[in-house]
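Have a look below at one chain only, the form predicted alone, in structure tokens format.
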Amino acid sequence: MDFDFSAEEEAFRAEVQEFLAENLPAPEARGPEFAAEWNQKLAEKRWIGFAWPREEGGGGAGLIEQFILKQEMAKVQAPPLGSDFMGLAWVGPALIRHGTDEQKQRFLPDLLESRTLWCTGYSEPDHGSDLASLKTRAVLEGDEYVVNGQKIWTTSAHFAKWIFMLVRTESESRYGGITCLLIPMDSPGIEVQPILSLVGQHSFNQVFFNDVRVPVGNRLGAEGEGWKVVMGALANERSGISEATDMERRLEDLKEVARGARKNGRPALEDSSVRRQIARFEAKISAMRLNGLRALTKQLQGNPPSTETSVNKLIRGQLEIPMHDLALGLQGSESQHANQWTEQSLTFHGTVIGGGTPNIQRNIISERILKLPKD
């Protein structure tokens, strides 16, 4: 792999750095209007949906430029590109790949202009990450589907305007009987109930569908092709590089805790066991970054995101718990970091489970990468 950047790419990096220096205030200086103003500036530069085709309203950028943009944003902990992570990460790309012209014109501008919010209806009670076992049914009646069933762990369903959802339209085929629907969250028959975290936060929900009627025009892709639509969307979510960037930032926070902590009356970093743990974390995160770059290289060669990106999702799941355990063990209850790490330790489970549990990632790696038999 060649990790050198061309003169044009480095010029773009300088442009991003200049923009951030001029437009990104310190966190404490960001007022109530900052988010809207920030997203407006990003939209004017077409940096929201930066790698989407220009004919779809995006920036038409290449993968390298998109990587540079996100890398520079992450360095200064800038807010996200746009207000709708789920919509931009996989709903939009799925629409570009599978949507009709009418669907693209209806949904893509709102995503790019931060005017909407999407949630995703995947997991169900008793099935979790085994998406192919879903039971929520959609029966075609004339030019409408009638949807009945339940979704769970649905992030932001209490805020979302739309849900990007898998339903079962045929029982005989495990994968071929699944269809993707785009459903307004204010449709009659939808009920949202909160699922509170251990610290009382509300991000997850369970969503009930009672004879919800959905026009056929809101189906994304052909009937029975929902599995293909969503697997492409999840591959886009598991880009790999974003996982590494998040963990690099988390590691720097952990190092800051270690620098100010004491163990057995001495500075914590003088303890060899603490240094070894941090070194192991850094080695794994470096492996994540290089694996993400390998996936990026494949995409640059014209190949779509592959199941190899599950490696980074798995490593992140393996890092979250021991990193939090070390931070909590090093800091005292009066530390300025105590509340931050305590809260994160009670809420990181959504990151570990979301997009597929560690065991699901192991199954993907063993079956699709290592080609191991299922039995």
Partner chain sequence: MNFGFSEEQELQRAEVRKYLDEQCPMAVVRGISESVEGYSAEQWKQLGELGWLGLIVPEEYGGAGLGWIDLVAMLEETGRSLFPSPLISNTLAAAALIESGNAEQRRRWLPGLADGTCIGTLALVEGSDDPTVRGIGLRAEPDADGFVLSGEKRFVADAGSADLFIVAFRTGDAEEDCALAVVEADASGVSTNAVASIDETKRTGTLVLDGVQVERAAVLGEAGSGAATIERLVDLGAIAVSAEIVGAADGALELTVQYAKDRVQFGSPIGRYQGVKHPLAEAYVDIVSTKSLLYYAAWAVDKHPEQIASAAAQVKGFATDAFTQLGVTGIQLHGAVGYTQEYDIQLYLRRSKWARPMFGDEDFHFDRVATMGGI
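The term rigid core refers to the most C-alpha atoms you can superpose between the two forms while keeping them within 1.5 Å. Residue numbers count along the first chain shown, from 1. Source: prediction; values computed, not measured.
From this point on, the text means the form predicted in complex with its partner chain, which you will not see here.
- Taking non-hydrogen atoms only, residue 276 approaches its partner chain to within 4.5 angstroms in the predicted complex.
- At least one heavy atom of residue 359 is located within 4.5 Å of its partner chain in the predicted complex.
- Under a 4.5 angstroms non-hydrogen atom cutoff, its partner chain in the predicted complex lacks residue 8 among its neighbouring residues.
- Taking the partner from the other structure, its partner chain in the predicted complex has a heavy atom within 4.5 Å of a heavy atom of residue 286.
- Taking the partner from elsewhere, every residue among 259, 294 and 314 has a non-hydrogen atom within 4.5 angstroms of its partner chain in the predicted complex.
- With its partner chain omitted here, the record of contacts in the predicted complex names 267-275 of 198-206, 267-275, 114-122, 82-90, defined by a heavy atom within 4.5 Å.
- This chain appears without its partner; in the predicted complex, the one residue of 246, 130, 253, 282 with a heavy atom within 4.5 Å of its partner chain is 282.
- This chain appears without its partner; in the predicted complex, the one residue of 300, 231, 139, 74 with a heavy atom within 4.5 Å of its partner chain is 300.
- Along 32-69, a single residue, 64, places a heavy atom within 4.5 Å of its partner chain in the predicted complex.
- After superposition on the rigid core, the Cα atom of residue 256 is displaced by 2 Å or more between this form and the one not shown.
- Relative to the superposed core, residue 35 undergoes a Cα shift smaller than 2 Å between this form and the one not shown.
- In the core-superposed comparison between this form and the one not shown, the C-alpha atom of residue 366 has shifted by at least 2 angstroms.
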